[in-house]
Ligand SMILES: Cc1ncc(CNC=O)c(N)n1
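The chain below stands alone, shown as structure tokens; this is the form predicted alone.
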């Protein structure tokens, strides 16, 4: 069993909490309050804007610390897709009457964005950063994929949102990130692996807080 497989088993409750959250279930069973969705939409737009420089820092760390040239193509592809993602948020916000320029970052979002910024430090190893990158993307893929299952009652107007992160192509991208993180962890010293595990757990905790915030919980 590899490092990531071990973590997934060891921390299964927390991972399940992040990917099977009541916010996701409310989309899946069709009971979501539109105000919660709008809150998520505005806050996630802010988060994605903070995610861009984080991904750029992962690319820089890869260039300096890794000899796997093919990995750069995967991460660069993900970074390029963020431009389309930001455009989607703007379009979706306009459609739903959400003024993105008026959105005030919630405390949970500020904490998550600050965490991302801390990972851009040159002192943070590539292995640690790529682990966080994979975990962030994987949580969204697994979460929104639940809303596309055959027995789901996801409202038609939210299907596009769920398909953006729950589709098979994004799932393949996340599996590619997982393989990159897995390879890097296998080569890393024990101390770095320990730091990566802590970051993995912090991502899951921040994700749960973000979903809670989206539901209007403090």
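None of these values were measured; they are calculated from a predicted model. Numbering follows the first chain given and starts at 1.
Below, we refer to the form predicted together with the named molecule, which is not included among the displayed structures.
Determine the site state, open or blocked: transfer the named molecule from its pose in the model of the complex by superposing the nearby C-alphas, then count ligand atoms within 2.4 Å of any backbone or C-beta atom, with 3 or more meaning blocked. Check passed, pocket reads open.
Check residue 82 for me: does it contact the named molecule in the model of the complex (non-hydrogen atoms, 4.5 angstroms)? The answer is yes: residue 82 has a heavy atom within 4.5 Å of the named molecule.
Taking 4.5 angstroms as the cut-off for heavy atoms, does residue 37 touch the named molecule in the model of the complex? No - in the model of the complex, heavy atoms of residue 37 and the named molecule never come within 4.5 Å of each other.
Against the named molecule in the model of the complex, would residue 140 count as a contact residue? Criterion: heavy atoms within 4.5 Å. So residue 140 counts as contacting the named molecule.
Non-hydrogen atom contact residue 163 with the named molecule in the model of the complex at 4.5 angstroms: It does not: once the named molecule is placed as it appears in the model of the complex, residue 163 has no heavy atom within 4.5 Å of it.
Pick from 117 to 125, 82 to 90, 67 to 75, 95 to 103: which stretch has a heavy atom within 4.5 Å of the named molecule in the model of the complex? Looking at the other structure, the answer is 82 to 90.
Go through 48, 41, 192, 158 and name the one with a heavy atom inside 4.5 Å of the named molecule in the model of the complex. The residue from 48, 41, 192, 158 that makes the contact is 48.
Taking a heavy atom within 4.5 Å as contact, would all three of 15, 197 and 201 count as contacting the named molecule in the model of the complex? Looking in the model of the complex, the three residues 15, 197 and 201 all stay beyond 4.5 Å of the named molecule (heavy atoms).
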